[in-house]
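What follows is a single chain, given as structure tokens, in the form predicted on its own.
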Amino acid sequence: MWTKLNPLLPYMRKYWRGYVVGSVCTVAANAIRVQIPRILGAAGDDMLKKGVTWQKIYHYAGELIVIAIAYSILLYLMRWILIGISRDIEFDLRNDLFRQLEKQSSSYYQEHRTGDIMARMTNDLSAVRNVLGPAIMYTANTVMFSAMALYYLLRISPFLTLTALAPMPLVSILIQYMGRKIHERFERIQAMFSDISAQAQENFSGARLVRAFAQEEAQIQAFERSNQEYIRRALRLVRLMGMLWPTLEFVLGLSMVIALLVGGHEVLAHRIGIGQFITFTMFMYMLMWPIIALGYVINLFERGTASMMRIHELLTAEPSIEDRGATVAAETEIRGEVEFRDLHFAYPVETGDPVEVLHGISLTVPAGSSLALVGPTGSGKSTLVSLIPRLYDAPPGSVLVDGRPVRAYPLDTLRRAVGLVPQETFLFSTTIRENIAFGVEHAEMPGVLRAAEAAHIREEVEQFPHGFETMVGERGLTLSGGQKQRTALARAVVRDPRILILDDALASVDTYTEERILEELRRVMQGRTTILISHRISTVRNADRIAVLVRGRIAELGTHDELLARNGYYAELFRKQLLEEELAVSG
């Protein structure tokens, strides 16, 4: 069990001084506590032999009060220090978990559900904290008191001690058996809790979709079934714990009965005194709670080890995209030339053979020029541009920036030079100003306003009651689709990137606004590289070059006029869109 907590040792070493002080307080508290039975035994002998007087009562009562005060102070310090350390380690663990998760690539979050990750960062982390705080504290307390009590019990009567503690091996067997069962059942509970968290997160995020399809009742029933399964697993653990404590109490009660029967016989045989018998029974009585607490401690340890294994999986997950192999200095300026050199790419899969989505792409985008990508859905356009900032890793040497492989650049350097507006716009639950300024340290308001103006969102935002301080709902729910896209566009522009990638970023914008945005972008991005993905000819026609991707291959490449002259896919798309516009006007 202890070896499963090895990943926590580096965190515990950081607070070793606190553990030393807490241990000293634990030893001192228990050293004082074991004096209570001794004082009561001595008082019993003294008063039986020499009679009861008020002076003796005050004397022994005073000793007990002093001991109680000293014990309470040390107990408070022990709890404050040890529980405080567990909170500090929880803080460190949560930060490390978040830092580790931030390093993971996009593919990691396609394979792991958000709800499961959140369950590990909350419920599992809480279980680990209980191991580092209460479990360690109660274990140390039990071991210290039991060792000291055993010393005094053996001094009183080795025979009586061995006889009274004869049922204790049953406690050890019971704890080992129950502990294993608790661990197994708690693992199943945590797995089910992750499922419930994921289910709730998906329903809350997709609340509008659920309502649009009138699936509220169906989702409620599905969640209820999951919840019932969680309760069923939890009740199995509760029943096990319900058996553990009464069984421990029965064994300890048996020890107490043996102590009274055999101890009474020893007193009658004059082998031990009345005072020693009082001291012995008091120690036995005081041992009951620490040993019963072992059941609680075992429960905490088994829960904590099960949770630590789940947390350790997150902490040790190697990011698939790292800085290893970076040879370019971090302060290197990027000009913006992008080259794809015989690029073949397939998304990584856990099982089976990967399916290649890009085949032999060779294409150069000179620094400061613009490239447009068009093609049918699923042709690999978004995949191609996601390889530039290394959202996915292409084969070595197949994607280059300024003549160097992208893997040669530190990730921060590479990604600072790229402004990306993805297909799926994501906004944080904060103000519009903070959403636009995201990714730029100490962004000044004039820069935010210029970026908003370039994205043609400034006038609309300024008409809101709180302007740029307007809070955006989760994932931007309070804004329209076009407003979200333009906010995301402003967020990319404010970074002043050397390479701007617009992945169908104007799909929710009307053609008039689109034209104004593109005109402004041409001015703002002058001398910078721009890559546009769009299904609209109006968006891409003014690009320096246009590449047509079909089934992961470049089918056509040239300017707008050159591609029309070829009378291929691009020309057909152009004629279709012209016809649609004419029908829309005539309608």
Ligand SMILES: Nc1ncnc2c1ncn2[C@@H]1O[C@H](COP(=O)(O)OP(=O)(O)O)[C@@H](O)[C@H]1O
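For every residue, the number given is its place in the sequence shown, counted from 1. Since the structure is predicted, the reported quantities are computational estimates derived from the model, not experimental observations.
The same protein also exists as the form predicted in complex with this ligand; that form is not shown, yet it is the one meant from here on.
Figure note: of the listed segments 394-402, 301-309, 314-322, 370-378, the one touching this ligand in the predicted complex, with heavy atoms no more than 4.5 Å away, is 370-378.
Think of it this way: in the predicted complex, this ligand has a heavy atom of just one of 327, 228, 110, 95 within 4.5 Å, and the residue is 110. Only one of 262, 241, 148, 357 comes within 4.5 Å of this ligand in the predicted complex through a heavy atom, and that residue is 357. Interface residue remark: residue 483 is not counted as part of the site for this ligand in the predicted complex, having no heavy atom within 4.5 Å. Although the partner is absent here, residue 347 sits close enough that one of its heavy atoms falls within 4.5 Å of this ligand in the predicted complex. Proximity of residue 383 to this ligand in the predicted complex falls within the 4.5 Å heavy atom cutoff.
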